[in-house]
Ligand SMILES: NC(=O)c1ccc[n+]([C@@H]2O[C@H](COP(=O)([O-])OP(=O)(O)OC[C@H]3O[C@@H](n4cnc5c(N)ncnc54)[C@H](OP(=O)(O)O)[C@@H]3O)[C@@H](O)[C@H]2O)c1
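Quick heads-up: it's one chain on its own, the form predicted on its own, in structure tokens.
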Amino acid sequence: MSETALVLGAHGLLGTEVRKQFEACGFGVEAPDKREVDVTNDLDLHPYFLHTQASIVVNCAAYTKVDAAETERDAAFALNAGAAFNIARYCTWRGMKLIHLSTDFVFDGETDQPYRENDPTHPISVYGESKLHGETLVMDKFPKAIIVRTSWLFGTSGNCFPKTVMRAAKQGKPLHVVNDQIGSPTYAKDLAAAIVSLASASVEGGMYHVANAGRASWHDLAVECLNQAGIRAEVVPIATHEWPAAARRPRFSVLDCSKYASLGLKPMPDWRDAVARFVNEEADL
């Protein structure tokens, strides 16, 4: 009998792809939606974990509205920290394998070198604070957990920056995109494949950075998306201060993924290759 994976947040941008990847690899999958299991409500979590047949849990459930978190602090912490703690608690109780998702926003971006897993954290937004607190609670409660930090996620199963750019360009709207924030754009389908590989392998618990290879600015990403889609549009580069936002973003948040690479699993492709596949898949939907 194949193992069963419980995917929390299974209907979001990443969770949808994780669910598909597990199914493609022959796993049984439990994928409750918010109506079935509110992960912030222990009255939902306890009975679900009491009866689940899963041996693997992937926690993709997250509050990801970076700007709104500045005024919705309690909601961000409830989902990104409180729920994460309770999920880790129940995984410990049931002896399950846990993979918990986190973010490059735990760093402040005040460097020019890719971040390693053990580099000092210093979030500069409420969203980043809530995700860091979740990391800490998970590892304190369940040291064998695997925490995957990723960055600049995009995919076909939800809203994301590339979709917004292509939609605006098709509508003839002016495009002004920040070019002084640098990160690692990551395709949800590639990350999902890496998560399933981590779930299947004999991997020690701890922190792993997993993102598509290479680095880009938001402007670079926008231009590449439009080029791959064959959309002609001018993309005007602007500085961060020219695009006011409620939350601060790291200036540089490229992740060093050499620890993940050392596991000998399938390497993450370059972000440009990922964008090409994303655009092709979008065109087929």
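Numbering starts at 1 and follows the sequence shown. None of these values were measured; they are calculated from a predicted model.
The same protein also exists as the form predicted together with this ligand; that form is not shown, yet it is the one meant from here on.
- Taking non-hydrogen atoms only, L13 approaches this ligand to within 4.5 angstroms in the predicted bound form.
- Interface residue remark: C60 is counted as part of the site for this ligand in the predicted bound form, having a heavy atom within 4.5 Å.
- With a 4.5 Å cutoff on heavy atoms, Y127 counts as touching this ligand in the predicted bound form.
- Contact check for E135: every heavy atom lies farther than 4.5 Å from this ligand in the predicted bound form.
- Checked against this ligand in the predicted bound form, the residues H219, K34, K259, R248 give one hit for a heavy atom within 4.5 Å, which is K34.
- Checking S55, T240, T40, Q228 for any heavy atom within 4.5 Å of this ligand in the predicted bound form turns up a single hit: T40.
- Exactly one of the stretches 135-143, 152-160, 90-98, 107-115 approaches this ligand in the predicted bound form with heavy atoms within 4.5 Å, and it is 152-160.
- Scanning 74-88 for heavy atoms within 4.5 Å of this ligand in the predicted bound form gives just one residue, L79.
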